[in-house]
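Single chain ahead, by itself, as C-alpha cells, in the form predicted alone.
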Amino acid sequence: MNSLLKRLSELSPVSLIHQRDGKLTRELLLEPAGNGLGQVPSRQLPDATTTMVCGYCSTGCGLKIHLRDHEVVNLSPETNYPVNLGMACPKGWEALTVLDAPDRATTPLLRNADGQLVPVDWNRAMNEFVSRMKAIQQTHGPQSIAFLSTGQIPTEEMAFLGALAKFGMGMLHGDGNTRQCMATAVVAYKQAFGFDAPPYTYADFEESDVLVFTGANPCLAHPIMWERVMRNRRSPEIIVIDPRMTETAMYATQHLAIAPKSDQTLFYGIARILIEQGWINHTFIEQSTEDFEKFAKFVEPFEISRVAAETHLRPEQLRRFAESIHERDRTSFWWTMGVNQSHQGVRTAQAIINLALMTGNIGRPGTGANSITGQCNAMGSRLFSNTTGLLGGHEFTNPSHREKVAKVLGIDPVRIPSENSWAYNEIMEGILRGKIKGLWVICTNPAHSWINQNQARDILDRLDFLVVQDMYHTTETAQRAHLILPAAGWGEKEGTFINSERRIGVLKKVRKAPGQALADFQIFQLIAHYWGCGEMFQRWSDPATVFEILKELSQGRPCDISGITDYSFLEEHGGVQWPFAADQGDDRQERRLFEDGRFFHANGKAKFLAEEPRPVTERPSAQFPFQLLTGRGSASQWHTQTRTSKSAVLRKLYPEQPFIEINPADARALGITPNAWVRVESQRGEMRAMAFLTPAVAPGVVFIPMHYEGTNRLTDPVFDPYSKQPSYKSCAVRVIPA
C-alpha cells in the first residue's frame, strides 16, 4: 500500500471517530483492497424488520424491510406510516430488485487512451478527478468546472456535495435536476409567499370538497396520493384540467380538456367570474394579501367569450368550475409537471395560487395551492443542496445569510459565493460557449433527460473532463464519461428524504453496496481529502452528524427543524413535517402552513401576481402539424428507466416499445393503422414509435411518454423566464407512417 493510502487508513475521511452512547468508537469507512480502496465493511444490520422511506417519487411512502440473519429477504408497505397507510405502488414493491442488476457500477472506470472504460482503484480515480479538475481551473479559471446534482440522494449527501463543491473546491456553478421538475413551483412560492413553502399535508386529499388537478395525473405519477383521494368521504367534486383524457381525468366529475398551454388564461377567466359574482373572501384578502385591487383590474379583459375561445372550453364549463369553488367550503388546487414544465409556468402556478388566496382556500383542512413534487428528495434539494439557494433556505446574495452559514460551518465567509449559480440550462450553454470545461454529474442522466437531446449529447461531448457518479455504468451519460465513480443506491446508505408534504423521513442502510461502490457521502469525503480541503469537513463525519449541522443552519428560517432530536425521533413519529422548531411543541403528524393567515414576506402578506399570457414558442404548422405533449407513461416507469428497467416485473407492466397516442381521425387521414410503426419528427430530431389510436387526445395533438430514450430528441429547448425550467410539454411535430 502506498504512503497516501496508508495515511488514509489512519485519518479522516476513511477512518472516523464517533461519540455514541457516551463512548468514542472508530468506524472504518473503507478497507484496503489490493492497491486500492475496498468496499464498506460489514456492520451489524437491523434484524427482523425495519422501516424506511421509499426512494422513488416524492410521495415518501414508508416501506417495511424484512430481514433474516441480517440479510434483506423482502419488503412490504408500512401500515402505520402516515403517508401511505399500508399501500405501495409497483415501483415501491420492486425497490430492492433493481439493486441487483448486472450493470451495477462496482468499481471506478477510467477512459484510457484507446477510448475504453477500464477498471481502476479508488486511489487512481481520486487522483485523476483532482488533477484534471484542478488543471482545468488553473488553465481556464475557477468557474470553468461545475456540477449537476439530483433530487434522489439523501439530504445530508446533497448538503455535503454543495458545500464541498462551492466552499471547498471553489466552484460557483452547480444545479440539480430538480430544475427540470420543481423550479417553477419554487419561484412561484417564493414570489407569492416569501418562501418556497408548499402549504399542504396529504390529509387534505381526504378533506377537500373540491379537488382541482391541473397538469397532474396522480393516478399514474403518484398513485398513493391518488389512493388518498379515493379515501375522501365528502363526495368531492374532482376537476381535472388537462388536454388529454388521462387516467385521473377518467375519475373526474369535471374534465376540462383545454387547448394545450391555455391554463393561465383559464385561471384568469375563473378569477374574473369569482370577482364579478362576489364569490371571494374579502376578510382574508384584506388581512392576508396585497395587490388584490391591481390583480382584479388585470383580469377584467378575461371575459367568458375570450377565455372560451382561447381554451376551447364551453362557457357553461367555465361557469360550473367557478360555481363549484363557490358552493363548496373547501377547495384544494393541485398541480405538477403539466404546469411546471412550461414556457410560462411560474405565472401559471401563481394564477392557481391567486384563486386559493382570493377565496380563502389556504391554511385550512382540505384547501391550499399545492404543488406536487417529482423526485423522492426534490424538497431536500430545494432547501439544502446549496445549488440555487444557500444551505437552509438562505440566499447567496444576502450578506447576513452568508455570515450565519459561515459561522455555523466554522469557515471564512469569503469562501461562500456572493452571487447565484448559473441555472442548469445556463451551465449547458456555458459548456457550449467554452466557459465550462469540466463537469461532475451525480445521480442524474442528462444525456437522456435533458431537453433537445441531440444537442445535449453534443454539448456533453465537448467537455475536457466529464465525471459521472452513479449506480449503473450503462446510463447514456455514463457511457460518455471520462471517469465513472460507482455509487451505492437506496437501501445501501443512510440519511433523510423530504417529501412533497414537507415530511422528513429516514433512509437506512440494510445491505452492502456491490463491489467497491460507495455511498455518495463517502465519495465526497474521499474527494475532500484528495482535494486538500478535508480539514474543512472534519465535522462532516457521517450523515447523522450532518443532520445536526442542517438543524443548526435551519434555525430561525421558515424550514426550521431544530426541534427534531435525531433519526430515532423521526422514526418514532412517522416522519416530521417542517417547520419543527425547538420551541414549537407541536408533534401533530399532519401540519399545514398558513393556518394563522400569515405568510413569509416582511409584512406577513401573500402577493397577487399576474402577467399577460404568452403564446407557445413553436406552434403547429403545415410542415409540423401536431402539438406534442409528453408525460408519465405508467405507474411502473420512472424517469429515464435507469432503475425500473432492471425489474422483470416492472417491465411487464408497461409497453417495452415507445408508443405515440394519436386521435383516430388524424390516424385515418394519415393512413396509420393501430399498432403500426410511425416516425415522429420535429425540427430537432426524430424517433420511431408504435401508434396507439385513442380519442384521449384531441385532433391535432399527440402524446409520447417521457421515459423512452428518443422522446427528448424532439423537445424544444424553451425555458420559463423566471424559473429557467424547460418546457417539455409542447412542441410541433409531424407523424409519418414508417
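Position 1 is the first residue in the sequence shown; the rest follow in order. Remember, predicted model here, so these are calculated numbers, not experimental data.
Not on display, but discussed next: the form predicted together with a small molecule.
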Partner-proximal stretch of 371 to 379, 533 to 541, 415 to 423, 358 to 366 relative to the small molecule in the model of the complex, 4.5 angstroms, heavy atom: 371 to 379
4.5 Å heavy atom contact, residue 153 to the small molecule in the model of the complex: yes
Contact label in the model of the complex: residue 242 to the small molecule, heavy atom within 4.5 Å: yes
4.5 Å heavy atom contact, residue 336 to the small molecule in the model of the complex: yes
Non-hydrogen atom contact residue 446 with the small molecule in the model of the complex at 4.5 angstroms: yes
Whether 405, 554 and 578 all lie within 4.5 angstroms of the small molecule in the model of the complex by heavy atom: no
Residue (of 525, 516, 641, 289) lying close to the small molecule in the model of the complex, criterion heavy atoms within 4.5 Å: 641
Option touching the small molecule, based on a heavy atom within 4.5 Å in the model of the complex, out of 269, 489, 495, 108: 489
